[in-house]
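A single chain, nothing else alongside it, follows as structure tokens in the form predicted on its own.
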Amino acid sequence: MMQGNWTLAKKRTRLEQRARIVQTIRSFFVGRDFLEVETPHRIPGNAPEAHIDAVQSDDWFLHTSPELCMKRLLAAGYPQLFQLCRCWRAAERGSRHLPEFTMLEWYAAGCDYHTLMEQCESLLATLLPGGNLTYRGQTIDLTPPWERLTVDEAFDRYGSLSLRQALDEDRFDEIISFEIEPRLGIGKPTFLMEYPAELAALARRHPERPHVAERFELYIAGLELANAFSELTDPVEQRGRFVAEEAMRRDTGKPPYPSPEKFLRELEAMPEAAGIALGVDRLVMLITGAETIDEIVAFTPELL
């Protein structure tokens, strides 16, 4: 008689919890008139990003995020969209990272990053109606409003360098990762907001403070959970950022990426909007109290 696979069997409780979390997320957005969509996982090219590498599939790529396709739907007139899908990023593996993972993305026309912060607070309140969660011995109070902290304030409060010094010395990621992130979202979730304009990615600049972008990342118990923007809709500025990112990729010896021309052509038609990518696996870790990401997925790469 064949012996059962105990590694898979012992995950049953967490996989059942995961299923209920995903079902609740879906109900949350459907109940707010968001249209659930499915966009292709295999695409001609992703948005060029210096520190994110896509997995090649023949002469195309697996998507690192559904962002570009979902924005093209926004540009075509769909006002509110959400998607739960698999994404792939090369060379990402650790206690909080998998090369294949589940992303929740949602986009809404006519709003900005402040609206997304309120939607994050509402989503967690729906998933955890008790108003708190306990993770690694910490109790996190989910009662809104959550902490809003600018990147500049975070460097002043927790960093060994000022924000400007960190940028000038090319140490921004190092200071964020090792000095600031572990201290965010302790006791209450933190929105780390208003990134410097040179790190805007696909976010628009703040209209009154153009040296910062309308971008935030959400942290709970020191874990980065989501990345959000008021979306940039200027195709000229977006193309310039893509060119700069692609140049950085090639300077580090990475293979060239094709430019997402159809997205850039349609971006001009996209209305004012905001969008967010939230890591479902990490959310499940937080809610179920899992120590590692391996505990809340059925199969890790090593089990295949």
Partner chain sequence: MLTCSDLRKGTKLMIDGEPHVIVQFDFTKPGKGQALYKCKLRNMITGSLFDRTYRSGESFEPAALEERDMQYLYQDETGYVFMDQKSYEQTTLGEEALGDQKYFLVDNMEVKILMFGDRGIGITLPNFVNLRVTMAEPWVKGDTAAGNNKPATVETGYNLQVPSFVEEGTLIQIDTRTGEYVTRVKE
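In this text the structure is predicted, and so the values were computed from the model without any measurement. Numbering follows the first chain given and starts at 1.
Not on display, but discussed next: the form predicted in complex with the partner chain.
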Would you say all of Glu49, Gly94 and Phe229 touch the partner chain in the model of the complex, counting a heavy atom within 4.5 Å as a touch?
yes
Taking 4.5 angstroms as the cut-off for heavy atoms, does His114 touch the partner chain in the model of the complex?
no
I'd like to know if Arg215 sits close to the partner chain in the model of the complex, meaning any non-hydrogen atom pair within 4.5 angstroms.
yes
At 4.5 Å between heavy atoms, is Glu121 in contact with the partner chain in the model of the complex?
no
Given that the partner is absent here, does Glu224 sit within 4.5 Å of the partner chain in the model of the complex, heavy atoms only?
yes
Using a 4.5 Å heavy atom cut-off, which residue among Arg72, Lys188, Arg171, His206 comes into contact with the partner chain in the model of the complex?
Arg171
Considering non-hydrogen atoms and a 4.5 Å limit, which listed residue (Leu81, Ile176, Cys87, Val151) is close to the partner chain in the model of the complex?
Ile176
Looking at 206-214, 154-162, 122-130, 177-185, which stretch has residues with any non-hydrogen atom within 4.5 Å of the partner chain in the model of the complex?
177-185
Mind listing which residues of 252-281 have a heavy atom within 4.5 Å of the partner chain in the model of the complex?
none
